[in-house]
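The same protein chain appears twice below, in two forms, each given on its own as structure tokens and labelled structure 1 and structure 2.
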Structure 1
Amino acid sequence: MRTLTAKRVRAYVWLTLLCIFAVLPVAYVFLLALQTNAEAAALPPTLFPASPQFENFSVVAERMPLARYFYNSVVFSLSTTVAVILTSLFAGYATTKLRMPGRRFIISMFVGGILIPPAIRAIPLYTMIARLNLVDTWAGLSLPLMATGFGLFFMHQFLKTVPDSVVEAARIDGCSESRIVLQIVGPLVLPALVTLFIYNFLFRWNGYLWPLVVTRRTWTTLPVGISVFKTSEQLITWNLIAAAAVVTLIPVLGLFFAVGGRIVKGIAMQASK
């Protein structure tokens, strides 16, 4: 019995250390964002600001087009996510409930797509988008991400669990197929759609290589804009960079605190398949 307690204590210690490791950079960037210029460049480095400098946010918004980048990130992430939800819902319905010939091939195409995230195919995609003269446009940035292997496979798996009888009953009542998808099956799988929404939004909001490659100024997103801002600064003012970083992190952290359990569960569920 004593050895079990000792082991448990050791487990708590290690888990706590891992927690500190995980939280450290995130906590630090919030503290840094509220420091004065002098505090951010002090030796030895300061952790806690003497008086929180909230004007850092307005100062950095003047030094770089932070509001525009924020807007770009929102438009890019939301539009691609809504599109992914629609394309995946309809395609998943077709492959699970309409059973047309060749659907096995279609499903394997979805699965293959999972292995090729946007960062891996950045240069081939860029070659194509450049030929279409769509560099630094919303279409060039977003159209390629309007359907993803992950989203398609995820919805396919989930729609398999919807009983066929639901669909058949609706058909007998004279419902058209698109109305079945939008008004009957869609609401039934709402939890899956919400999970897909969260994941896809996170992936797009956090994306770096693809926006870096395909945008120039007009459609630059927050992560790219901030890292470019840092490289272009003569004298790096880290408290301002941290303020811009906090602006980027607030939506994802908000999402994490609101539905973090759901994100974790979603991964555990995917893993057990």
Structure 2
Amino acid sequence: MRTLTAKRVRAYVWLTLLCIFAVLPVAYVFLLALQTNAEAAALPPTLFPASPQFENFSVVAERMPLARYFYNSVVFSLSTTVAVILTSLFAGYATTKLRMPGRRFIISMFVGGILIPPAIRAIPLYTMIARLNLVDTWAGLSLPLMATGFGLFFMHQFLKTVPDSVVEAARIDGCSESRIVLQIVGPLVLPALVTLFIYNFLFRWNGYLWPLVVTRRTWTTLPVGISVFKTSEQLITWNLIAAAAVVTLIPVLGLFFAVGGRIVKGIAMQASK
């Protein structure tokens, strides 16, 4: 019993240290966003601002189109995430509940795409988007990311747990395949859909490489806009850059704290498949 208690104490100590190392950088960004220029440039670094400078956020909004970047990120993240949910659900249903030749090969091809680095995929994707004259448009930014190999594999694993008898009973009752997916199978795997939605939204919201390659000004997203803001400043004002970063962090942190438990639960369920 003492050994078990000692192991738990060590585990809690290590987990606490890991949490501190994970939280400290985020907390420092929030504190840095409220510092003056002198405090942000001081060595050694200033931790707590003497007088919080909330006007840093208004200064950032004056120097860069923060509202437009925020709008672009919301539209891009939501549209691609909803599309990934639908394509992954229907593709997962097809590979698990429909009898079609070569479905294992199809799954392996989709999953194999996960192993290709995004930097390599960006080159041919940009070439196709440029030939279609879709550079710096919503379609050029979003369409290539509306289906993912990870989404197919994720939903494939969950849909295998749905009994085939449920699908067969719906077919006997005269339901179409699309109705079976949306009204019967979808609600049964709702936790997986919520997990995939949150995961994909966070990934797209923080995405940098593809928006950097395919956008110019009209559809610039927040991560790219902050990077451009940093390089356009004659003197790097870290407090203003941190203020812009806080605007990016707030929706992500709010979403995580609201449904973080579902993320952990969904990933744990998928890992046990």
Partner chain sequence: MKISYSDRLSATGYLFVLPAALVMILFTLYPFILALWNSLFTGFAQNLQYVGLQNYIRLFTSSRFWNSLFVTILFTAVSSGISGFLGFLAANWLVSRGVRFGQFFTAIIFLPYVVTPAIATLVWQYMFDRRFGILNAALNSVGLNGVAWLGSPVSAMLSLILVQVWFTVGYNLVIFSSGLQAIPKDYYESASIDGATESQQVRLITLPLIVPTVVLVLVLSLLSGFVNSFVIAQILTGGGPFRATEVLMLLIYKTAFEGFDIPRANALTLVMFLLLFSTSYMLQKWQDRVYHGLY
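Residue numbering: sequential along structure 1, first residue numbered 1. This one's a predicted model, so the numbers in the text were calculated from it and none came from an experiment. Between two forms, the rigid core is the largest collection of C-alphas that superpose within 1.5 Å.
- Working note: structure 1 is the copy from the form predicted together with the partner chain; the remaining copy is not.
- Once both forms are overlaid on the rigid core, the distance between the two CA positions of Gln35 between structures 1 and 2 is 2 angstroms or more.
- Taking the rigid core as fixed, one finds a CA shift for Pro49 of 2 Å or more between structures 1 and 2.
- Core superposition gives Leu18 a CA displacement of 2.9 Å between structures 1 and 2.
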